[in-house]
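Next up: just one chain, as structure tokens, the form predicted on its own.
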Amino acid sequence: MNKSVFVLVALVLAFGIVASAAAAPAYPSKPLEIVAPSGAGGGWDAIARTLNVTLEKEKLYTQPMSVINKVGGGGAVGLAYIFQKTGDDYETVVYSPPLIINTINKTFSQNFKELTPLAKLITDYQVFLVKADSPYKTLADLLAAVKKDPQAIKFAGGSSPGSMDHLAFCKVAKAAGIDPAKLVYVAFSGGGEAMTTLLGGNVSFVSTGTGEAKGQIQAGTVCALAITSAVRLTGDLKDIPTVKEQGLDVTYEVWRGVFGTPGMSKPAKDWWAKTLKTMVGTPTWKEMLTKQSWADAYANGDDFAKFLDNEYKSYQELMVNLGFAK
């Protein structure tokens, strides 16, 4: 190949590369799917739809968006779906502690660490509820009864044995010197069913998230004996004492965050990093947090990844100690 032909080929190739780069549309240029790995009305669905509404109302994502519900397996169906979309920059998914819990107990076959953490968004907490006319007026009253006869004091939750509602009270019981293995936990498919069972007098108390408890607390049908936050919340839940202020150094956080697919591109990750940081400062987002009684817990993707590593270690230790994992 003579020199002039070589130069011509080089110029054509260079022009092709530049033209290709110039033709690549800026992110985002396509519709977005936000996957909620549960049915409508649950915590994952709520955070997915809050994310959708805020991005749309604040005009932060200018392409069409939709929330799709992938139900089943405690989030396993949703996770499998996201792994099928590996490398797709227009698929996101929301998760919370079951992402880690179900990895440790082998419910999930995929490794959640392959997902792309985009941001930790909010934190919810657990509350322990009794009927308004319950003989247990404080957490100490309840723990004393459980310690005296663990088999007689049944409690319910809207998650499976070894998951959040169960583990939250196990952690408190263990700190109080009660063997968590002796607790009697009744699992339901949702917090609403657990609440119905409590109001029907079939269990002594319920362990559930604040979002699911708020309505019944405000109606006066139940009494919240304790919340698992480090300090008292404000607003509608300000009168609920923390576990810590009642003498047990225990907290339990129900975080929720958003992830991209495994292999999400750097331009997409960079766009989400900037956009989500902006989003959590908007009036729409703040209004939605107040409405849901969620605490702001924003952390960027890198900090979220470090948080998840620590959560994995903490849950693994807890679940091994309680006999829910090896």
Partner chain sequence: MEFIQHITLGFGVAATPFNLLLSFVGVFLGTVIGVLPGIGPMTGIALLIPVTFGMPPASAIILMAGIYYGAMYGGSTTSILVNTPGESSSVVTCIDGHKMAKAGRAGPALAAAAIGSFVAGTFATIMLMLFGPLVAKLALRFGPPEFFSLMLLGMTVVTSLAGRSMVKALFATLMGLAIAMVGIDLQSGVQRFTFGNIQFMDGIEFLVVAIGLFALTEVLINLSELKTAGKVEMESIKGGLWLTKEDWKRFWPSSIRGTLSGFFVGGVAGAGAAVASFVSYGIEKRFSKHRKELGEGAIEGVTGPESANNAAAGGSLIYLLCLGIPGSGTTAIMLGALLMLGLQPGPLLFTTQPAFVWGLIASMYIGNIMLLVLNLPLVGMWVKLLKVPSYLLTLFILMFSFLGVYTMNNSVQDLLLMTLFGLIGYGMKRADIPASPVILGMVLGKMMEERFRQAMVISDGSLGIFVTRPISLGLLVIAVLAITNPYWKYVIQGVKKLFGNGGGATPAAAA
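For clarity, a rigid core is taken as the largest C-alpha set superposing within 1.5 Å between two forms. Note that the coordinates shown come from a computational prediction; the quantities given were computed from them, not determined experimentally. Numbering follows the first chain given and starts at 1.
Missing here is the form predicted together with its partner chain; even so, the following discussion is about that form.
K.L.:
If contact means any heavy atom within 4.5 Å, which of 248-256, 86-94, 232-240, 71-79 contacts its partner chain in the predicted complex?
P.N.:
Of the options given, it is 71-79.
K.L.:
Taking its partner chain as it sits in the predicted complex, is K244 near enough to touch it, meaning that at least one heavy atom pair lies within 4.5 angstroms?
P.N.:
No, K244 is distant from the partner.
K.L.:
Applying a 4.5 Å heavy atom distance criterion, does S159 contact its partner chain in the predicted complex?
P.N.:
Because a heavy atom of S159 falls inside 4.5 Å of its partner chain in the predicted complex, the answer is yes.
K.L.:
Please check if A176 has a heavy atom lying within 4.5 Å of any heavy atom of its partner chain in the predicted complex.
P.N.:
Although its partner chain is absent here, A176 would stay clear of it in the predicted complex, with no heavy atoms inside 4.5 Å.
K.L.:
Check whether G215 has any heavy atom within 4.5 Å of a heavy atom of its partner chain in the predicted complex, and answer yes or no.
P.N.:
Outside the cut-off, so no.
K.L.:
Identify, from the list I104, A140, C223, A187, the residue with a heavy atom within 4.5 Å of its partner chain in the predicted complex.
P.N.:
Selected option: A187.
K.L.:
If you look in the predicted complex, which residues in 173-204 sit within 4.5 Å of its partner chain (heavy atoms)?
P.N.:
V184, Y185, V186, A187, F188, S189, E193, T196, T197, L199, G200, N202, V203 sit within 4.5 Å of the partner.
K.L.:
Establish whether a shift of 2 Å or more occurs at the C-alpha of T107 between this form and the one not shown, with the two forms superposed on the rigid core.
P.N.:
No; T107 is a residue whose C-alpha shifts by less than 2 Å between this form and the one not shown when the cores are overlaid.
K.L.:
For D88, is the CA shift between this form and the one not shown at least 2 Å following rigid-core superposition?
P.N.:
Result for D88: no, shift under 2 Å.
K.L.:
At a 2 Å cut-off on C-alpha positions, does V254 qualify as shifted between this form and the one not shown after fitting the rigid core?
P.N.:
Superposed on the core, V254 moves its C-alpha less than 2 Å between this form and the one not shown.
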